[in-house]
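In the block that follows, a single chain appears as structure tokens, in the form predicted alone.
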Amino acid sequence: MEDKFFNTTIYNEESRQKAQNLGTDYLEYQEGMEILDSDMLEQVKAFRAEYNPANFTEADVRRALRSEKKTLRDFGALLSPAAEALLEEIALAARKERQKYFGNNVLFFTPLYLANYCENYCVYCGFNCHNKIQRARLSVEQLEQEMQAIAATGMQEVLLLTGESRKMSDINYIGEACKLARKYFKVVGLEIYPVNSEEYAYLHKCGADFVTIFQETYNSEKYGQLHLAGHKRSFPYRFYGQERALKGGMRGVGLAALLGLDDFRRDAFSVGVHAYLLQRKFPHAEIALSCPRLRPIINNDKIQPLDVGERQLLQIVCAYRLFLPYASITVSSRECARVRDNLMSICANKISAGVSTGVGSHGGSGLGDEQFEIDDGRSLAEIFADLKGRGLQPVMADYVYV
């Protein structure tokens, strides 16, 4: 398959050489990074190496559909090219599982970007440290204004995000944001740079419920080519972020690959294996999956996913639902309204609404530039009404502290 993504202006041989000159091995830990006594990365790499989507037949897919409890082999079959011809049957099976575990409920949340300063050089990201964008960080007063504006819409779950800069968004700053968010929201999630387990424990004490980390791609070699500098360059440290978060007391974790960076079938398979192993190791934990596709970023509108069309996206999300029927599955505002609403009706159960990927946009100040372009700009009220019209029941929060 031709790697069209690397014909864009942000990635070339000069970038490769720059990464090599940095002298930081993407397979190594950096100073201060906690190392867990875990072999989960080796397990996921081994399963990925054995998985060949082209080896499955239509008979394998039909066998997977008949299986009451899906195995890893069944999951691989459902993600294979052979499964595309049976997508309607797969979608019907996924809808049945969705209704069994979630009924007609759709959980709402919105992201709140605290800052967009970043010390990483990730070539596909609008926040990368070499991109010339308007940088900003919300003050405590601005944070409260943003939260008040979001809460006024009726939203009860918020996802706090930062660029990956410890200098500009340190743990104490994020902790104070969690404490403030707890005043306005019933559920507080984090999507920040990965940290050590004791730091996750502190953030949990401050009010955070769960942590989401995108591995981006599970192809470690491609990961090294795409992440040229910064703490994010360490592939294993990022991989073990969910384990450290659960060790730190978080109620749940989310994971995903950024579909289109590498072979999307192998990356989606790796996400499922990772989630499966996490659930086995931490049976009390709530596991969530996301299915983001690449989107254009500021200063580069050429970025597009590799061969991940709408049918392939539907196939991936249905395969997730059938393999991990109890997992929460989020579809982000990267997708258009039609695709998101269809996926909510069939297999996904969580949706973001009233989204902005910039800093300070909810309160109207617009202090910092966006991380990527969204495709669904509907308000919470608009998405609420559209989903109600499909017979779905919007839910503002699924967890209450007593």
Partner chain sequence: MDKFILGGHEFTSRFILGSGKYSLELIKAAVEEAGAEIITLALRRANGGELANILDYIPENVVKLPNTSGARTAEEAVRIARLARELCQSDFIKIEVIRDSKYFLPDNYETCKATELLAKEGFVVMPYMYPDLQAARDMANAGASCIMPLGAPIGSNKGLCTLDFIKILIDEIELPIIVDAGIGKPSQACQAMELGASAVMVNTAIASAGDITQMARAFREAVSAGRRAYLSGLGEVRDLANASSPLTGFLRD
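Since the model is a prediction, treat every value here as computed from it, not as a measurement. Residue numbers count along the first chain shown, from 1.
Below, we turn to the form predicted together with the partner chain, even though it does not appear here.
Note on the partner interface in the predicted complex: the residue among Lys222, Arg238, Lys186, Arg166 having a heavy atom within 4.5 angstroms of the partner chain is Lys186. For the candidate set Lys247, Arg137, Arg251, Arg266, a heavy atom within 4.5 Å of the partner chain in the predicted complex is found for exactly one residue, namely Arg251. Put simply, Glu286 is close to the partner chain in the predicted complex: some heavy atom of it is within 4.5 Å. In the predicted complex, the partner chain sits within 4.5 Å of a heavy atom of Gln393. The partner chain in the predicted complex comes within 4.5 Å of a heavy atom belonging to Lys100.
At least one heavy atom of Gln156 is located within 4.5 Å of the partner chain in the predicted complex.
Only one segment in the set 338 to 346, 29 to 37, 66 to 74, 354 to 362 has any non-hydrogen atom within 4.5 angstroms of the partner chain in the predicted complex, and it is 66 to 74.
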